[in-house]
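As C-alpha cells, one chain now follows by itself in the form predicted on its own.
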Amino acid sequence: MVQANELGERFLQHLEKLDRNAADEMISACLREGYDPEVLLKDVIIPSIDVIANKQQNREVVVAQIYVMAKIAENEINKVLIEMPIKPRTKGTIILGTPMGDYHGLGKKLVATFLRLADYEVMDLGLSVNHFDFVNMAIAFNAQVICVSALLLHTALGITQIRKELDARGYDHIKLVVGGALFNFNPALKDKYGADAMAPNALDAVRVIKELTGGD
C-alpha cells in the first residue's frame, strides 16, 4: 500500500489542479483497497486542506480557487465519513456554527468531524447563525461549549453578542471557543470578542475543548 504522506501529496496536487474527478477516483480507490477511513481523513485529506489554507492566508490562491478546492475536499470528506463506524457520544455536547453573515463552512465541518471522532455530541447549526440561536441551543441541550468559526472581521462581531447573551442569562459557565482564518491571522482577537479559547485547526479544537471541560 502507498504510504499516507505520498497519498497526501497526490491529493494536494489534485486540489491545486481543481481536478474533482481525479480526487474522487483516488479516494474511492483507497477505500476499495482497504485503507482505514480515519487515516485517509487525518493523514491525507486534512493535511492537504491545511496547505491550501496557508496559501489562502498568504494570498497565493484566489477566492474562486478556494471555493472549488473546498467543494472537492468536502465531497471526499463526506465519502470517507460514510465508511467510518458510528461511535457513542459520551463526552458532552458541543454547539457549532458560523456567525451571522459568514457562509464559509469547510473549517466548521472539519471541527465537527474531529469532535465526533473524539466522542462528543455535536449540534451543527450550520452557516450564518444568529447569536440567540447559539445560546438557545446551548441551553436547550445542556452544552458545555459553543464553537464559532469565523472568516471575516465584520461577521466575527457576532461572537461578542454570544458572550453578552450568555452572561446576561446567567450561563457564563458555557465556554466559547473560536477559530477560523481571522483568528489564525490574529489570535489576540480571541480576547477582544470574549472567547475563552482559540483553536487554529480541527485537531487543536479537540485538545482545547478537552482542556476547558476537564475531559480525557
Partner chain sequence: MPTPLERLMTTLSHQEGDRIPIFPVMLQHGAKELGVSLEEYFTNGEMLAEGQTRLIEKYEHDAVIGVPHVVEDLLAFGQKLVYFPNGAPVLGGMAISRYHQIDSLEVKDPTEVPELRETLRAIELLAKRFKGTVPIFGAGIAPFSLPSMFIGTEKWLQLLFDEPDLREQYITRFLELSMDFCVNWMNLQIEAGADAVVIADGMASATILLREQFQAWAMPLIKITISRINGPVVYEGVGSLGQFADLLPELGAVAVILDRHDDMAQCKRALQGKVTVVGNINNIALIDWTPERIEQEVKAVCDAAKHGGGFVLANQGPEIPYDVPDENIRAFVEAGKKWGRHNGAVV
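Positions refer to the first chain, counted from 1. Only the largest set of C-alpha atoms that superpose within 1.5 Å between the two forms is called the rigid core. Owing to the predicted nature of the structure, the values given are computational and were not obtained by experimental measurement.
This protein has a second form, the form predicted together with its partner chain, left out of what is shown; the following refers to that one.
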V68 within 4.5 Å of its partner chain in the model of the complex, heavy atoms: yes
Contact flag, R10 vs its partner chain in the model of the complex, heavy atom cut 4.5 Å: no
Contact flag, L189 vs its partner chain in the model of the complex, heavy atom cut 4.5 Å: yes
Heavy atom of C30 within 4.5 Å of its partner chain in the model of the complex: no
Partner-facing stretch of 47 to 55, 171 to 179, 34 to 42, 155 to 163, counted where any non-hydrogen atom is within 4.5 angstroms of its partner chain in the model of the complex: 155 to 163
Contact assignment for its partner chain in the model of the complex, among A118, V129, L106, I77, heavy atom within 4.5 Å: L106
Residues of stretch 12 to 41 in contact with its partner chain in the model of the complex (4.5 Å, non-hydrogen atom): R20
Rigid core superposed: L18 CA moves 2 Å or more between the shown form and the other one: yes
Closer or farther in the model of the complex, the Cα atoms of A70 and M123, when the shift from this form is 3 Å or more: closer
Cα-Cα trend for H104 and L18, given that in the model of the complex the distance shifts by 3 Å or more: farther
